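Take a look at this single chain, the form predicted on its own, given in structure tokens.
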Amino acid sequence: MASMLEFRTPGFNPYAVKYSPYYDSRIAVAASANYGIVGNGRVFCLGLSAAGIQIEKTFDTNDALYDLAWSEINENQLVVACGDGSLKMFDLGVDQFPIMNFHEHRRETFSVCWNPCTKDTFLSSSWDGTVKIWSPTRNASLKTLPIGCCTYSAAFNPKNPAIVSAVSSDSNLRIFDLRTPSSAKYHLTTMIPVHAPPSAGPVLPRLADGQTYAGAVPAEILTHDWNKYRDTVIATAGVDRLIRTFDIRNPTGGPLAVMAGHDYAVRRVAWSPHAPDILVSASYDMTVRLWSDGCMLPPLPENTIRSGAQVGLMNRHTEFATGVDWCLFGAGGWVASVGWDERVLLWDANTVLGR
């Protein structure tokens, strides 16, 4: 592959990588010693220059780090999700110690997401079965959304600050609307059983390749992401290796598209900020793959589920690929990926697109 930059994180196994929403030359990596099982964590803030990838700042934590999110209101601040159940906010202008500590989760905090609309809140999800919403200026959470089981990923809708989504170990995708009364199911408005067949219609739908889609055995959902152009569409993935897309306006209609190709569990998916049909996935099979969900193609016959197509493959990681993110700037195609091989790879997705 022609265009690729590499950075090593010796002694630390990365779990997540995020591009700065302010600069195309800055990324951050959340990493853990001993694969996150026991030991410290470290945040790497990296700058991209003509000399390659350079360390701008590192912060050490007493426990493993599983995710991070850049602040949407301060270009020098970020929040990390810790194995001890806490979230810590660091500032690149302040040495060593976090400027804020948020600690209400009772088990590992596994994901964190900043609100991209109002920019004044962020959320976290935890293995304790809750999603919490926070203000960066308050130690106590603003709201707790009960899930009831291990919650691997939660996110804000990219266009509506009141819509929150979460996926968990019970195979469900949940949608919360914070505008509804908390007495009404704690703001829960939609629950989509990801592995169930569509409930509407007497006939099971067919995939575009002609096979009958009868659903699947429920399995843990490890990741999801909102489409940046179609703000009712979500991609989910996890232990069963399949990536599915859903439209939350039709919660019983089954998936819009199914993408198959990974050999092991999918750890992270991310929709492109530059195209409505492209997403990238990172998997325990050590690969990072690019997909098209086919939404730009002509409509299919009724009762047909589209088979998304793999349009690119990056297989330079030599351990579990655990994190991936798109650069928001430029011509559209730069991707950062990380894996347990202690490597951060930055590459141009256009060099692996097969179209």
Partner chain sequence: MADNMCGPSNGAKSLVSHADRDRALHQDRFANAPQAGGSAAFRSTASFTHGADNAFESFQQEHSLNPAVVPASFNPQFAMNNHVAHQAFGHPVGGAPVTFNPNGHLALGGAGPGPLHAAAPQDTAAHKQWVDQFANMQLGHDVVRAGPVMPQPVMAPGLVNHHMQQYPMPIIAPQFPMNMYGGAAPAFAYGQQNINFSGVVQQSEVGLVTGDSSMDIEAFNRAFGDYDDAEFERELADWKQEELAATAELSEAQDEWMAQHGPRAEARNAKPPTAKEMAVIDANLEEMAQELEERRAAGDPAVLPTKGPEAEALRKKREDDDLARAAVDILSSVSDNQSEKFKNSNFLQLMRRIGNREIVVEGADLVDAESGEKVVVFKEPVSEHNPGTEGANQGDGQTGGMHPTVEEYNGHNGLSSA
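Residue numbers count along the first chain shown, from 1. Computed from a predicted structure; not experimentally measured.
The same protein has a further form, the form predicted together with the partner chain, not shown here; the description that follows concerns it.
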| item | value |
| --- | --- |
| Any non-hydrogen atom of Gly312 within 4.5 angstroms of the partner chain in the predicted complex | no |
| is_contact(Gly330, the partner chain) in the predicted complex, heavy atom dist at most 4.5 Å | yes |
| is_contact(Asp209, the partner chain) in the predicted complex, heavy atom dist at most 4.5 Å | no |
| 4.5 Å heavy atom contact, Tyr264 and the partner chain in the predicted complex | yes |
| Interface segment, criterion being heavy atoms within 4.5 Å of the partner chain in the predicted complex, picked from 303-311, 290-298, 64-72, 48-56 | 48-56 |
| Candidate site Asp128, Ala275 and Val352: all three near the partner chain in the predicted complex by heavy atom within 4.5 Å | no |
| The single option of Ala196, Cys149, Leu204, Cys117 touching the partner chain in the predicted complex, heavy atom within 4.5 Å | Cys117 |
| In the predicted complex: members of 300-319 within 4.5 Å of the partner chain, any heavy atom | Asn315, Arg316, His317, Thr318, Glu319 |
